[in-house]
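Quick heads-up: the structure tokens below are two forms of one chain, split into structure 1 and structure 2.
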Structure 1
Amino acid sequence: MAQNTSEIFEAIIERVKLLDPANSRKWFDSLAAKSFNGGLLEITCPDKESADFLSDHCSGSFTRAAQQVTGHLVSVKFSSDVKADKGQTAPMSGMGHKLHPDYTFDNFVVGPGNRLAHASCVAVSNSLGRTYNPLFIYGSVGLGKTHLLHAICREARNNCANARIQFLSCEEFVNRFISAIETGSLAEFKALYRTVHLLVIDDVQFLREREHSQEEFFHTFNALYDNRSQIVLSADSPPGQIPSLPERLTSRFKCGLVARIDSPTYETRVAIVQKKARLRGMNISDEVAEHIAGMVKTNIRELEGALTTVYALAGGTEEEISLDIAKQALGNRESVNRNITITDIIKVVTAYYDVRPADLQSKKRSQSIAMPRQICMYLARNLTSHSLEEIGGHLGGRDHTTVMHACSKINDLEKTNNKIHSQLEELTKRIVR
């Protein structure tokens, strides 16, 4: 590449880190400009997972950065030069989830609250169907369940190139089942999910009160178990405490290993902050990591949020971030996360947007009402441990799919719309103080 293009690309990467601190990663430095012609910047990524991550989460920030640096309209495309990543075979293409580049066993911090879950996941990934089958992992929001599920799939794929793997949320399983009924393709659906070597289902608690889906999952489970295929499930509570789940499913979920994940201890939180900082290329001292860990005590998701706030205030500098910057970013409160309730969030959001709580709970769909309602859902999902159903219940009895859609929409807007990004930052500050 021409020297000029290389210099421009380096400037774009630095600008991206400033525009999108939440998604900035150390491995951005390994990206390369493949070509820059006709207003199209093609970026080469180290592997398919990183290319997918950038396409899904960072297209907006890279596009804005490229346009700001060059002063021209620029579009961005991400790709991997690796024709077939290690173990990447056709059977993997059907997965509902794309594997996240951060979610590996190496990047998972082991502590007293998750040691059993971590060890069982490693064991399962190394011997599909022969150890802890099924494996059922449960715990509150933001404690690392999904991280472990991604890590299992990645390790299993690396250990067995021809492994047929399906990894999807329970909601996706149900929706695909319904679609198969509607399109008359139930035979194909059964052939897909009952013949894999590894089936991983996230948030299996969504099977409750879905009788037809429960029946299909029951038979899918039995077929896989009889074939000695590996089944891994996650939920927010143990099998026996999932409401409206029939006994025959509960008993099957409990016939393998049930592993609980608890909130991380102070020492584990310090290690998590340090690990997350290294992934983002942040240079922080032990005292900064200890300060963040001392203030954020609920879950890993909030630790990441606090780290993002510190990173954003520091301006993406490669110099060591001082304790003063961390204190300025997070404030000097005794704790960043007091016991926040959905009522707290509704109160702040309605005051900010000058709408009534009754409006958010109504069926009104005007933009002036719908947007604050969706922002309430997004903030409740990120700042509390309430389930999707509970959040929807506080906002007019809406179902969990509506909440999922709202969270996805606001998450996308937060990354691409500076106005929404600023509003969310301000609302979060008002809620947690």
Structure 2
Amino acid sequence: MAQNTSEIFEAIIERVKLLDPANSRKWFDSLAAKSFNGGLLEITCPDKESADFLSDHCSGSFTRAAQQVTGHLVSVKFSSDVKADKGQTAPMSGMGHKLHPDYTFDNFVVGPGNRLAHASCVAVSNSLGRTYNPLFIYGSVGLGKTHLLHAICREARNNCANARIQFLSCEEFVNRFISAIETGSLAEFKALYRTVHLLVIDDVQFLREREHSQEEFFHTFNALYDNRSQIVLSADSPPGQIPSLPERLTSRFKCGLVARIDSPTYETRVAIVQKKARLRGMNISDEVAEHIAGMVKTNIRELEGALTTVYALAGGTEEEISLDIAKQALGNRESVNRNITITDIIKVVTAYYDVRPADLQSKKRSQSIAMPRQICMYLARNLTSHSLEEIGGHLGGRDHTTVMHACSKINDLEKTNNKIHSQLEELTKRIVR
């Protein structure tokens, strides 16, 4: 058993890497224990962003690791030295959304599939409102749209600390709009969103069938556009192909630059695996990177999942991971996954949440039904090779954008919500068993 706080802390970090390889980063080595008194471990982080990342994604694994290492109940608190934290003060508070520390231009691998999107994002972040306005990025799920949007906000903030930036998912925009109506604070809502220098809205396909919000969005858009404020939007399809958006809105979306992101080529996938491995402090050979890139072809999120599987099987070692281990890890994954059907997933999920399969297939939208339904979609996407259309078909004939939206929502919750994280872990265990 470790003797002093710094030794204990080192052991905790090592344990975290084992417990949660997907969220472990090389920069964890620069964390330090500020104090460890009365069951509270205070951890100093290099900046506010990393403290936010740790609080949002890693509280659970740090708490568990600290308990395992010390044998006691420990709570964990992450903080940063505020003085050292320049760009993070007042303007950030209006950002609307925390920026993910991984999602920078530096960490983005450029290849033929995303070259135009990347270049236009860099250009926009360097001169807001003056190059491409609006900038509309589209592509299917897991190809880096959200990553690029975070990178734009970060770069714009670094270039101009006073820039008023609002970054939010379309769903957040809609929800805030609705709650502004309900609480009678529409004037504040308008003042906030119509006076920013940069408005970034992720996943605008969510506007479909939201007539009221479309209307507000249209006016916000026009006000910003007339002010020459920068607007950046992302979606899963090009402007004209988002179902049930009125033409006057889509024609606005098209008036700047529309950039498509295509699936990454093999070479790009190899480079991404290598980049992600370095970020996590993993040591993998070119052979292993090539093997992983060869197995996972479309969604980059899945590429990262494969990397996590390999790391977990290797036991979180710092030594170079062998090709044998990689093959073993991914070979298993494939053979396990081949036998899983959507029906299996529905069975396990409905039993777990105590709902009926017919409810999942119904039009009911209450949270107690919608959540298990979305979890089914997410698990089906990750554990089977069915298409979005097929998955939607099994769950009451929902269209592919609904499935895609569910997947990205649960994917986000999986990272930010400890309860959902462990439920998904448990469900996956029961399904693959």
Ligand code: ADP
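In this text the structure is predicted, and so the values were computed from the model without any measurement. Here, a residue number simply tells you its place in the sequence of structure 1, counted from 1. If you superpose the two forms and keep the largest set of C-alpha atoms that fall within 1.5 Å, you have the rigid core.
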The chain seen in the form predicted together with the ligand is the one numbered 2
- Taking the rigid core as reference, does the Cα of residue 346 move 2 Å or more between the two structures? yes
Core-aligned, does residue 358 move its Cα 2 Å or more between the two structures? yes
- Taking the rigid core as reference, does the Cα of residue 31 move 2 Å or more between the two structures? no
When only the core is superposed, residue 426 shows a C-alpha shift between the two structures in angstrom of 9.1
